[in-house]
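First, one chain by itself in structure tokens, the form predicted alone.
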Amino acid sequence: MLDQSLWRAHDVPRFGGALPNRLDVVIVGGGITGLTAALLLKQSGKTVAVFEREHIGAGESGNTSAHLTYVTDLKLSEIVAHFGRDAARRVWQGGALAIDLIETNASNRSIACGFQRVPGFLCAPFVEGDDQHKDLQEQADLATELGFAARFVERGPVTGRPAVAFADQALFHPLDYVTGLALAVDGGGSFVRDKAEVGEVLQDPLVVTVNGENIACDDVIIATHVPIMGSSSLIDATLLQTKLYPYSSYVLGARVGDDAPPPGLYFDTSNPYYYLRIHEERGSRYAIFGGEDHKTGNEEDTESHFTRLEATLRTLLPSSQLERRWSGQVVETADRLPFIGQTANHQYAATGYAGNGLTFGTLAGMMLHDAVMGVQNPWRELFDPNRKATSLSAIAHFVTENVDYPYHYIADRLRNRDQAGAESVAPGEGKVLTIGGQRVACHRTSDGKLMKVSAVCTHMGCLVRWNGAESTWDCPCHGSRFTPDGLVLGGPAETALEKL
């Protein structure tokens, strides 16, 4: 079985070349948010450069389960309760508009990404629990009242239990799509560059350092999964981080037989919820099944999540022939809506999409285009990064999530120190050891080579932990992830672990 997402089955093009000296807008991050914003800004006459540290789609755009749905993780009734009916309508309308834009871009630019309209189903729990007949009926009625094509069904797909059916959701290949966007952006005075690491953002005048070179611009968009600091003050950046909560999610890819439902999106109401995507793949049906979410870095036995996920999939679809597995990361906020908008003078960011990364990421691209162009946008205040949590549930969520940092920062240092030597680290294993009074993250490769880096996360000083399922070092405080040799895989950390 391959430890790789289905979307990475073939390589994406590379975007190299000289760096520009000056342009209108610099965008940091080559995923769906940054490239959507870039294309829209280029169409509006701006010169744009997109800089990606690795390669296009290397982040969560390439690890997604690729659900294109406006049905949010936060139930529609809860959005109404916390923000009102008009806000709830706008949140879901934003997702629907994002799907429309993806369809338009794929059609108008002949992007072969397999875009297909399919139904989506919000289902009673796949495994166990109440059938939630009354609640699902109420969700369907509310969605209909707000103008969305929804209907309650007594016996839904997958398990035959109650569900809500939603029309006009969609499937596509996310990496093929973002590659198509990148090809459309690159050229004509605009640029896409990979292996281009942004070091810092300086104000007055606005300058971005890329691979050691200074590039002047009028505006900067931070379109990384977790925003880098940019030109924000340390205090402002830290305050934003206290409002972001990264969760790891596990995904399986499998060929399935006639017991599988037709192509579509299926997700249940358990907590954490399971999600199933069925599409046609080389003449047969293919299932992408995920769940088992937990806060990044807070689980010792990550392998067990794949084991339980596989058992659940085989219960639901006995014909499953597993081919791939991978994990992704979603970022939540206190009130469960994303942060999209201005974070400093002429600087913008977008994050906190939860399980709707592709739709909210596309909507963010539209919103960031409007912000740079000075165009009014109906979602600006609703998704303002500087908004304050007002509901009691959001405040409670904020307090609960932020217990992790002081707890792990202190507890990891008080925990009994592993005094074993590096010889105790088996091939393929990772351990945090105490060597010479220093906490050292040790990993031994399958061929016996020992890698040693500092175990201290470069974001805010917590100790990383080994993730055996993904062979990464994960920080339990704010979700930063590193390769076995310490390179940054995902923020908020911006600097590699110190090599020892």
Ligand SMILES: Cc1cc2nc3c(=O)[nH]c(=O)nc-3n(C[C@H](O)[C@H](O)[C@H](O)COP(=O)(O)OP(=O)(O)OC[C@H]3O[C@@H](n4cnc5c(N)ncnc54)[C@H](O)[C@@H]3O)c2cc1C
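Everything quoted here is computed from the prediction, not taken from an experiment. Note that residue numbering follows the sequence shown and begins at 1.
One more form of this protein, predicted in complex with the named molecule, exists but is not displayed; see below.
Against the named molecule in the model of the complex, the set 42, 341 and 347 makes no contact: no member has a heavy atom within 4.5 Å. A heavy atom within 4.5 Å of the named molecule in the model of the complex is found for one listed residue only; from 244, 215, 317, 198, this is 198. Note on contacts: among 79, 330, 260, 254, the single residue with a heavy atom within 4.5 Å of the named molecule in the model of the complex is 330. Of the heavy atoms in residue 58, some are within 4.5 Å of the named molecule in the model of the complex.
Not displayed here, the named molecule is kept clear of residue 266 by more than 4.5 Å at the level of heavy atoms in the model of the complex. The named molecule in the model of the complex is not approached by residue 46, whose heavy atoms all lie more than 4.5 angstroms from it.
Interface residue remark: residue 207 is not counted as part of the site for the named molecule in the model of the complex, having no heavy atom within 4.5 Å. Figure note: of the listed segments 431-439, 49-57, 465-473, 445-453, the one touching the named molecule in the model of the complex, with heavy atoms no more than 4.5 Å away, is 49-57. Shown without its partner, the chain has 58, 59, 60, 61, 63, 64, 65, 66, 67 in segment 56-91 as residues with a non-hydrogen atom within 4.5 angstroms of the named molecule in the model of the complex.
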